[in-house]
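Taking the form predicted alone, here's one chain by itself in structure tokens.
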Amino acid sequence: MAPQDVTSHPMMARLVQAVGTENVLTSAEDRAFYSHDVYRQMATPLAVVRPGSIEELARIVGMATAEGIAIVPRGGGASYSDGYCATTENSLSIDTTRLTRIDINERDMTATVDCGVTWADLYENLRKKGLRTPFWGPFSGLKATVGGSMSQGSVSLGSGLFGPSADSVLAMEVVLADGSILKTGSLAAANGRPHFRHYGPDLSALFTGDTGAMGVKARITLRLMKKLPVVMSASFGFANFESMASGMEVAAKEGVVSDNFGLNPRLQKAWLGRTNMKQSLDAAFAVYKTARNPFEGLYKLVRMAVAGKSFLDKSEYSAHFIVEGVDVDHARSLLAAVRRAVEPHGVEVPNTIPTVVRSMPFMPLYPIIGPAGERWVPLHGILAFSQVKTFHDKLTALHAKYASEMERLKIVSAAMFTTISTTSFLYEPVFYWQDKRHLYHDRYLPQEFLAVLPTYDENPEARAKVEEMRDAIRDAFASCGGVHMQVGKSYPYMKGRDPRNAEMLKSLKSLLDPKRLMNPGSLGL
């Protein structure tokens, strides 16, 4: 373990001089907290540094790497794949959440943001101007940062039409290992402005999904579009996974669905049954507030009340589709296309869930712990449509293999699904098990929320079994050509990779980070 008192380390005085005493965290508890992600703890860093400007960020990176100290960037902190967990105690955790500048250029239709800006803050700033980014954030956007999503990759809001987070990028400024700043896209041209990405070879792509292994995202320019005024949704229940997956596939291929998600029976019940009275009232108020007029608001609330929490009782699986239109007729025509595609596969049910989701797109991060206080961890794979059933059958067989052990250890599984653009299906298995909460949960979640949840003793046997099953699921994804976002240090990015591709990536890593000090262990580099 790292020493309890690191204040005498020769680097500390220089860090304090660079960013101020209050922005260099050296207490044992702070360093332990930053060594945790949602899932587990890794090495404890020497200190946590919170730069307040891009210049401070570049200075810290250059100073640290010159002394052989590793850099591990951290955004909103909701990773579950060891993305910002250090692999060496001789490291600095860089907390980017003070980097919050937002510059909106309505004429050029761009937004240039510091890496620590949250998706929720960006959305609110743009909403006031009737604008948004094409991909406009994951459901964790209250905490998730733009820089974190570019480093890790994310999907959710807008991904049905516009793909993952990286596809909304126009240009970047990236701090490299030596503290210099690299510009990409048209920003790197003579007299460059960040309005176009593909001016020659696209260097931006090298830093999207790299989990900080190639450099620290400092500023990101995203393209803007008008925020469409009319949002409509439809929900369907399905008898089994195959019909749900088919319904989601045909809907995706219509090319009109902005957001979508599917739920298996367990997660469906969790979404419907988890809310307390205050959360239900908050959701109802949010739904009413987002209606175009009071009459529409009342109509939506009545539908929610009538539907209650039982409208999906007869459906094993559900899927929820959201469309956006320039006017009511446009939105209705898009939703009609979805209905025509999906109706042969499922039965339409009240659209309570997507109505609430779109009225509260960035929800509190309560789901990072189970409904009864259990530990929680997901994993995911992105599959071609032709491989979805093959993977599902393998996962079903794996669950059957482990059924007795899961029952004995009180491990339960769930799953969520989404389609990305017209080409891909994201399958996200989730595990819950009874285990002791750790420091991350106690500091990250509201105390009044945690106070009503059960607590459990340490359960290393169940934890090890969950990891064993996660390994098997990762192998199943790989056997079906599955790929991943949020690669971090958990997904076997280099395993089985095309040799020439692997060689090129290692060469680029050596060029940009010859000492291997930028988030060591990420991508297997």
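The model shown is predicted, which means the values in this text are computed figures rather than measured ones. The first residue of the shown sequence is 1; numbering continues from there.
Another form exists, predicted in complex with a small molecule; not displayed. Remarks below refer to it.
By the criterion of a heavy atom within 4.5 Å, Thr221 is excluded from the residues contacting the small molecule in the predicted complex. With a 4.5 Å cutoff on heavy atoms, Thr44 does not count as touching the small molecule in the predicted complex; it lies far away.
Interface residue remark: Gly160 is not counted as part of the site for the small molecule in the predicted complex, having no heavy atom within 4.5 Å. At the 4.5 Å threshold, heavy atoms of Ile473 stay clear of the small molecule in the predicted complex, well away from it. For the options Gly76, Gly370, Gly381, Gly247, the one in contact with the small molecule in the predicted complex, meaning a heavy atom within 4.5 Å, is Gly76. For the options Met485, Ile69, Val466, Ala58, the residue carrying a heavy atom within 4.5 angstroms of the small molecule in the predicted complex is Met485.
Remark: of stretches 382-390, 229-237, 341-349, 80-88, the one touching the small molecule in the predicted complex is 80-88 (heavy atom within 4.5 Å).
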